[in-house]
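The chain below stands alone and is given as C-alpha cells, in the form predicted on its own.
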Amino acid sequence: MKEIITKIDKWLDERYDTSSLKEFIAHKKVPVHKHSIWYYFGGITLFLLTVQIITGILLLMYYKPGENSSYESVRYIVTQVHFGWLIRSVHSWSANLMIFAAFLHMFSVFFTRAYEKPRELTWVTGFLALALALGFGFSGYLLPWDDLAFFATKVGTEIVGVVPVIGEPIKFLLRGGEDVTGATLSRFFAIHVAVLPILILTLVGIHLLFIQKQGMHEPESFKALPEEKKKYISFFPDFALRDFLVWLVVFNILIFLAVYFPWKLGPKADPFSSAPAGIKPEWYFLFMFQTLKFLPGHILFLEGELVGILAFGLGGLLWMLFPFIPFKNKPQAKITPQALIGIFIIVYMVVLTILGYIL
C-alpha cells in the first residue's frame, strides 16, 4: 500500500510539481492554548455545509418544484423513498446546526479579537457567508409547500416590503407577483438550489483562502509568551485528525436528532385558509420577529416596524464593518468596550428568542 501511495505521489509531482503544496502542509502549525477549542467551530460549520450539499442533492433527485407537485413530492420522499424521511430530517437539522455553529464561530472570533488587522476581510467574508446561510434557511422553508411554510413566507416577505423605496420591488421580485403563489415557490427554489450555493461556495472559498494565507489567529496572551513556552501542533495530521473526530461527534448528534425528532410535514398549503395560530419564524429569526412585535405602532413620524427593520439593517452593517471601527482601549481595563458590545448582543438575542417561544 505504501509503495502504491509513493508511486501516485511521484506521478503527481512529476506533472504538477506538488512539492510546494507538500511543503506548505508540512510546515502549517496550529497554536495550542486555552482558547484552542474555538478553532473547531469553523470546521464544524464547514462540515455541516457539506452535509447540506450532499443531502440537498439527494433530495433534489425526487423533489418536483411546483404548486401542484412540491408537497406531493416531499410526501413521497418521506413515505415511499427508502430512508427518504431520514435524509430530509438530516438536511433540515443540519441546516439549523450549521447556523448555530456559524453563530458560535462568529462570536468566538469576535471575543478573541481575531477580526483585527490583518484579518478584517476574513471577518467580512465570514459575516456575508452567515447572511447567505440565513438566506438558505428562509428560501428553503417554503419548498415543502405546507401550511406553516406558506404563511411564514407570506409574513416574511411582507416584512421585506416595509423597507422604503426598495422594499416593495424586492417583495414583488421574491413573490413573482402581489401574493405568495406557485411563482414564489419557483423563485425560492431557484434561489435555494442555484443562486445561493454559487454565492456561498465562492465566499467560503475566499474565506478559507484568507485563513490559509494568514494562519490561525494567536490571542494576545499567547503572543506575550516567550518563544520556548509557545506550543504548536502540526495542522496535518494532528489538528486535521482532531477536527475529524469532532465532526464524528457532530455527525452522531445530527443522526440522533434526525432519527428521534424527525422533521414533520404539515398539511398542504391552502392560500384560502386562515394562518395557523401563533405562527413564528425559525429560531434564528425569532429575536428580530419578537423585537418587531414589541415595537409600538409609530415611533415619532415613522412606523414602528420600519424603525425596527432599519435598525437591524444598520446594526448588521456596523457589525460587518466592526474591524474598521477605531476603539480606544485603556491598557489596564479588564473588559473592553468591544466585549461589552458583544455581550449585550448575545444577551439581547438569547432573551428575545426565549421570549419569542414563551409569549
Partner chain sequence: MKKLIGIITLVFTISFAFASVNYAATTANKKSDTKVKNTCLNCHTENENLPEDFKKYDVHLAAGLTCASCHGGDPTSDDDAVAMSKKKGFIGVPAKKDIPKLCGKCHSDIRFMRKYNPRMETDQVSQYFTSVHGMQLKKGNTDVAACTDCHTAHAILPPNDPRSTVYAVNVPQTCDKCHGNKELAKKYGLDPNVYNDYKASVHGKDLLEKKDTGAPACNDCHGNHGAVPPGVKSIDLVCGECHVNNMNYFMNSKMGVAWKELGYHGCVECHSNHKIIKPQDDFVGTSDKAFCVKCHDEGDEGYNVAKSIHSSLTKLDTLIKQAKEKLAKVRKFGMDDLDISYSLKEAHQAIVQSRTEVHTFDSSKVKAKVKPGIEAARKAIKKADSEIREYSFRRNGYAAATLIFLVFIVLFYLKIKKKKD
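Positions refer to the first chain, counted from 1. Computed from a predicted structure; not experimentally measured.
The form predicted together with its partner chain exists for this protein as well; it is not shown, and the discussion that follows is about that form.
- In the model of the complex, its partner chain stays beyond 4.5 Å of every heavy atom belonging to P281.
- Contact annotation: P237 falls within 4.5 Å of its partner chain in the model of the complex, judged by heavy atom distances.
- In the model of the complex, its partner chain lies within 4.5 Å of some heavy atom of F244.
- Although the partner is absent here, R75 lies within 4.5 Å of its partner chain in the model of the complex, judged by heavy atoms.
- Figure note: of the listed segments 188-196, 141-149, 128-136, 258-266, the one touching its partner chain in the model of the complex, with heavy atoms no more than 4.5 Å away, is 258-266.
- This chain lacks the partner; the member of T79, S273, S221, Q214 within 4.5 angstroms of its partner chain in the model of the complex by a non-hydrogen atom is T79.
- Interface residue among F210, W85, F107, Y115, judged by heavy atoms within 4.5 Å of its partner chain in the model of the complex: W85.
- Residues of 205-221 that come within 4.5 Å of its partner chain in the model of the complex, judged by any heavy atom, do not exist; none qualify.
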